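Let's start with one chain on its own, the form predicted alone, as structure tokens.
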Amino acid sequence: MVELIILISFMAGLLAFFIPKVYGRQLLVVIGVIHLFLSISLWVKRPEAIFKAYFAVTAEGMLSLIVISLLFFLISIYSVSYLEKAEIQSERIFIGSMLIFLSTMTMVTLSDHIIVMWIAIEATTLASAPLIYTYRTAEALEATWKYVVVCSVGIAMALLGSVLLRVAMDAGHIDAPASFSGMTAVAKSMDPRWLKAGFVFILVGYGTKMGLAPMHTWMPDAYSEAPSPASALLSGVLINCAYLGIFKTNQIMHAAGLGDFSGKILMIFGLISILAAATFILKQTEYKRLLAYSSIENMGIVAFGTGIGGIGAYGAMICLIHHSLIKSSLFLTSGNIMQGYGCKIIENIGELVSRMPRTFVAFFGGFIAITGFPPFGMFIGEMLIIIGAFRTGHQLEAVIFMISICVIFAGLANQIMKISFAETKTKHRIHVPKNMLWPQYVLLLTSVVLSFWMPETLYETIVVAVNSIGGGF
């Protein structure tokens, strides 16, 4: 079943390139349902893979997989109505790429071998690049090339980091599988110098895909030019996959007794990302680019919390889950705004509250949730990270963290208020199909429910993942 969930979506993606687009839309939803069912089955049964040397069901992998599956299911439903209204030149390429993209992301979550993980993350780049170029404009072409080139350079560095991890094993005269689980088991015997070098390269490499500053340059362009369903997947799911590669490598570092080294570097990159977002978010003129810089901030928060460890790492996991749910909702909602107003420029949009009232509720609710208002999950996660920073003696870093997220809130609030309430010449309401509304509401509602009540199995899975990088909360 472990390998089957990868193959089904991949084969469906190949099929979508050749069937009529009407059937392609139906196939998108059907695979969404099947993938969600198989993901829940994996969550419950936790079976072993057929190819144990390459794939494994882990706590951190299952957290990512279940989020991917839920998001893709809801995005697929949204996409059916979106594709009926949007002008897309080659819909079959879009649908096929979406399904293959799902397959590659699933492969990332289930990968245990370091090179299989690298191949899977590289494959996500190749699968998602056509999605960014969907509208075939000059801006889309530029964004696609920037995405491919920057991420490929990053992935090359991650490959070098993966090789260095293997060198660390050879330097320690260790005969063990080149898998994350195998390396974690023998980490204390690995050469610490090569381990440190490998971690740095992997962090920079996968951090490029995750959107950590200063390797984030592809993200605003790609999110802005991609169709909203693709933007939702890129922001809500893809960057989680890149984080998974960093997280698994961090597990090896902690097992080797080098958690302080990896933690400090993660905290530095996390703070740089948050500060970069705070700087650039104040002068954004397009709402999708605004959301992109918000994702850069959120990935910085996750990296910062992971670096702190303990209760901070638990808070980072909470932020990661809620960011996926909320940001995907916001990008889907931005698709409604784009189709309603025909424009991405904030100054040309206004009175969302009266022109698109149901879209406004999802958009404004998403803004409140993503900026960390209580009692939403982002607030809980950020508070845990701040508590963890003070507990571990990082008071200065905690102060910088708090000031930065306040600046980002002010920048976001200023632009969201313009979109929602600023005067506009056109006063008529804009109709939005129900299938382009209720997926956002489900995502936001899921985030709200998880803010007040977390299933025991989800809590235990997060604890297992956090304990693998120090725990102690």
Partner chain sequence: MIGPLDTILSLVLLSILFSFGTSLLPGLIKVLAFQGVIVSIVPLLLGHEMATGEIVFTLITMVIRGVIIPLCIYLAIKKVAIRREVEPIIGFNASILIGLILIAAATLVSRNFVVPSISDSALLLSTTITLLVGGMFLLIARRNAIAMVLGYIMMENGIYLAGTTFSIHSRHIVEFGILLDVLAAVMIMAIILQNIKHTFDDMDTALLRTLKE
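As the structure is a prediction and not an experimental result, all values here were calculated from the model. Positions refer to the first chain, counted from 1.
In what follows, reference is made to the form predicted in complex with the partner chain, a form of this protein that is not presented.
So which stretch, 374-382, 119-127, 397-405, 92-100, is the one near the partner chain in the model of the complex (non-hydrogen atoms, 4.5 Å)?
Going by heavy atoms within 4.5 Å, the stretch is 119-127.
Let me test this: is every residue among A138, S152 and V163 within 4.5 Å of the partner chain in the model of the complex, going by heavy atom positions?
The answer is yes; A138, S152 and V163 each reach the partner chain.
How about D175 - does it come within 4.5 Å of the partner chain in the model of the complex, if we only consider non-hydrogen atoms?
Contact with the partner chain, yes.
Would S228 count as a contact of the partner chain in the model of the complex, using a 4.5 angstroms cut-off between non-hydrogen atoms?
S228: no contact with the partner chain in the model of the complex.
So, in the model of the complex, is H113 in contact with the partner chain at a 4.5 angstroms heavy atom limit?
Yes, H113 is a contact residue.
Taking 4.5 angstroms as the cut-off for heavy atoms, does K85 touch the partner chain in the model of the complex?
K85: no, not in contact with the partner chain in the model of the complex.
Which one, T392, S81, T184, Q284, lies within 4.5 Å of the partner chain in the model of the complex by heavy atoms?
It is Q284 that has a heavy atom within 4.5 Å of the partner.
Can you pick out, from Y341, F261, W145, F364, the residue that has a heavy atom within 4.5 Å of the partner chain in the model of the complex?
The option sitting close enough to the partner is W145.
In the model of the complex, which residues of 272-304 put a heavy atom within 4.5 Å of the partner chain?
The stretch 272-304, when checked against the partner chain in the model of the complex, contributes F280, K283, Q284, R289, Y293 at the 4.5 Å heavy-atom cut-off.
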